[in-house]
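Two forms of the same protein chain are encoded below as structure tokens; each is given separately, as structure 1 and structure 2.
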Structure 1
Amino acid sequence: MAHTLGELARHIGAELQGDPSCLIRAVAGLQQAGPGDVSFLAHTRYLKHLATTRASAVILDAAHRAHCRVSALVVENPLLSYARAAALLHPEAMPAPGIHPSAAVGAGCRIHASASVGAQCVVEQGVEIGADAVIGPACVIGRDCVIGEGSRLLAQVTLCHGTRIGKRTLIHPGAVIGSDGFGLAPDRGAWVKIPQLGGVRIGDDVEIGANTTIDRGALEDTVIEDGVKLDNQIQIAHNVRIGAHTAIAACTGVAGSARIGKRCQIGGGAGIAGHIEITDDVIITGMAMVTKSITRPGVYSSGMPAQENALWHRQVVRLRQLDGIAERLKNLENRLQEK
């Protein structure tokens, strides 16, 4: 999928410094690139490799154009422009439209002629699949699900009954969407299951990572708004709402009925308590334990960074003494006050 440098510059809106007829075939890192490759400089950490790169061209910002000895594609946001160049040069292989003969498709489905349903899939009754949608191999689509135009489920994805997926949404292997929320009523030392009667609504342009799970609501829907990006092995409990364009890194858990605002960024391995609200534009760092609502944008953190085991042991001991330390300090202050 080769393009001239001129075409590439136009596609990503770059100012070209170099020969527009040069043919570009692939993207590559500054150190690995060779003739025919375009590379990019998105972090000064890699500036040292710019001088020696063998790439035919480099995407970079105006501040670094002077350091570039090969052709330059000058843009405002090199990472973003690189993403667009990579998508142009390396288009994803799409399966042919149609339903694989090994797929089991139930009654009353409406599957667009341009959509693809892969081998070993199970599509239960009443499912609706939009134009250009791709259901990869071995997916299970429960009854009455709706999958919007251009959305793709890559492999082994499970959508439980009634799940609604928007347009151009991408779901990675092993994800489970619409499983029952964890709703239990105590009954004399045992638990009675509370039927989970809500559903899950996923917006447009959402990405959902491998083995991530999103539970259906207890009565109303769990909602993932447009443009949300979820990494692998995330757990979203019932009745959670995640605001548009929020990104969450892997292994984070969001407990029931939590509401997360728009454009938030949540690090990996974080935990968000149930029934709390996080406002828009909040950044939460990795492994943080969020126990209360956050009402102001900003960066929030918790956790103890790892250190040598012996030091950690002493710290843990001191932590247990901390209440006593505070009391003893107060005593000293009082005694000095008296003098």
Structure 2
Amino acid sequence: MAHTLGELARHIGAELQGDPSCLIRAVAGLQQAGPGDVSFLAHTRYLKHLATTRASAVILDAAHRAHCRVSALVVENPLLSYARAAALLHPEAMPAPGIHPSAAVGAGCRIHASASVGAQCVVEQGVEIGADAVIGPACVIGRDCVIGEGSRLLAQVTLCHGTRIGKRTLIHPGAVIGSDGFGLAPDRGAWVKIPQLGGVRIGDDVEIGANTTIDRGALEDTVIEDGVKLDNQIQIAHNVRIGAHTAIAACTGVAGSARIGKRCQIGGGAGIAGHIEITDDVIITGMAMVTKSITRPGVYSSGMPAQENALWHRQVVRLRQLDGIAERLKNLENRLQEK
């Protein structure tokens, strides 16, 4: 969808340096862009491409406007402004309202006339679907689920019974929400399943990635608060609570009854132990293992980055020697104290 550069500047709140009548049709990277494209500079590692870009305009901050040889949209946060420009120039196609003839809809459902239910969907009894909601093809919506207005479930999403989804939430293909938590009681070497009687509550403006799983609570609900962003293939166990506007990258696992605060950032592949609390505004780097509660905001890491195999083997040998070294050091300190 084409817009003039002036229209684009007003939409993202930018100071325009260039021709406001220039027509912009798409977004593209600095190296790939051509006439009619708008690009952006959000990191200095790409500054070398700014002088040679063929884009009609570039979104950047004031510090780099002097390096820009094409029209510039000067903003405080180029990445954020790029996101808004991309959404304006590349709006998503929305399906027409209505229920596809191949969908199966149970008794007592309340589906707003402006909502869309796609092909091969199964909507069980007592489900409520709000205005402008979109249920993609082959989704399964369990009994008594509630889906708020403007929310979108893409293909093959499963909501188990009683799940509640807020407004404007986006759920990507293959996500499963409300599956049973891993609740088991030992019985003389065997296991007895503990009924999972809680549900899942998802807030407004949440995004849940492809094949992510959020388990229902054992007694109380699992809760994902407003604005949370979950990447692909994340496991959220039963009774977890994730605070508003926290973002979690792919392949992270959060064990049962963990509490994660607001505005946290958790890197990919991290592990969060059960029954611990993480306060607001914590950053956990990728592949970290969190086994104890974190009570102060800050950046937390664990694990070792990859390195040459020979060096890694030498370090492992030294790690195995640490107990002996510590014992010898303690004995030496004791002998010095005795003198």
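What you are looking at is a predicted structure, and each value in this text was computed from that prediction instead of being measured. Heads up, when I say rigid core I mean the largest set of C-alphas that superpose within 1.5 Å between the two forms. The first residue in the sequence of structure 1 is number 1, and each one after it adds one.
Looking at both structures, it is structure 2 that matches the form predicted alone. Comparing the forms between structure 1 and structure 2 on their rigid core, the Cα displacement of His313 reaches 2 Å or more. Put the two forms on the same core and the Cα of Leu329 is off by 2 Å or more between structure 1 and structure 2.
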